[in-house]
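Shown below, as structure tokens, is a lone chain in the form predicted on its own; questions about how it binds or moves come after it.
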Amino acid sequence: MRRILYIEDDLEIGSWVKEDLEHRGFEIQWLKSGDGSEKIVANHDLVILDVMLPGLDGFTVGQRLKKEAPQIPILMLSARTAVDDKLQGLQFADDYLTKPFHPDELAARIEVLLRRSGLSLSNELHLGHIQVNLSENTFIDQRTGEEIILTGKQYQIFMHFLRHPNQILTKEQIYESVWGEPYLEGDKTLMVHIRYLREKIEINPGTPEIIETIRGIGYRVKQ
């Protein structure tokens, strides 16, 4: 399931947007302000961001999110229709939709942004003998045709790698994105989860070919 970080303080608008997108098959994490959004943005596929927020406004929050996770598309929502506001938003955002809007248009714009970022409904990835279907959230061992069942944390870790293909990710980056809390030096939790994940997806977990260990730094998945 594709994950959207939705930041909107209007409870009425937020409720119906969240409900509509969930009916369309998205997983929505809804925040009422930008507080804490930088810590969790990397664990999502797209951000929907309102301009008028309590505390820091959407323009400031959006710039920070784009700096933290430049690969994740941001869709701005705003009642501001002035050209200057749109230009300000599009300096960092990938799209800008003015209120009021039809839910079908919002969904269509989301699909366009996800296609650009490589996470469209029909998108499939092949990692060695593993076929990944992003629209169905399935992982198939092509040698046997059987589905590989992952736990919640294993799925989040694997998807975090897929959102950052060919990048060397530190243990701190992975842990803080998946668990949403600071990494403590010496904590073996992530290492244990990756060991069990490798046992499910690697042909030979002792010499992994999908999840590489970058000694002294972290891990990498090549695509």
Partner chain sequence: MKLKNSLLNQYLLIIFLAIIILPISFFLISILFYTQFSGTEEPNKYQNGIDLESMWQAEAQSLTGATDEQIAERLKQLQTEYSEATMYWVDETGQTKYKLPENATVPSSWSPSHTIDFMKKNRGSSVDPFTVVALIGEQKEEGFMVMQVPRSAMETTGNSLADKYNYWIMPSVAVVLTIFIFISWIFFSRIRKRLLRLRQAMSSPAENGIPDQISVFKKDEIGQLEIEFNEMIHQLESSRLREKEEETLRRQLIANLSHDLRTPLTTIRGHAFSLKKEALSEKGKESLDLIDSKINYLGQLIENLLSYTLLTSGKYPYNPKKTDIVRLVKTSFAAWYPVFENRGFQMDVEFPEKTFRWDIDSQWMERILDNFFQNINRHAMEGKYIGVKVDVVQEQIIIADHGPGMSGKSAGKGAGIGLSIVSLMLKDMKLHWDIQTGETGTIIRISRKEQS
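Numbering follows the first chain given and starts at 1. The model shown is predicted, which means the values in this text are computed figures rather than measured ones.
Same protein, other form: the form predicted in complex with its partner chain, not shown, and the subject of what follows.
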Partner contact for residue 28 in the model of the complex: its partner chain, 4.5 angstroms, heavy atom: no
Interface membership of residue 200, its partner chain in the model of the complex, 4.5 Å heavy atom rule: no
Close approach of residue 3 to its partner chain in the model of the complex, 4.5 Å, heavy atom: no
Proximity of residue 126 to its partner chain in the model of the complex, heavy atoms at 4.5 Å: no
The unique member of 57, 35, 176, 68 whose heavy atoms fall within 4.5 Å of its partner chain in the model of the complex: 176
Region of this chain that lies against its partner chain in the model of the complex, out of 178-186, 57-65, 41-49, 156-164 [heavy atom, 4.5 Å]: 178-186
Any residue of 167-181 that, in the model of the complex, places a heavy atom within 4.5 Å of its partner chain: 168, 170, 171, 172, 173, 176
Direction of C-alpha distance change in the model of the complex, residue 164 to residue 17 (at least 3 Å): closer
Cα-Cα shift for residue 173 and residue 30, closer or farther in the model of the complex, minimum 3 Å: farther
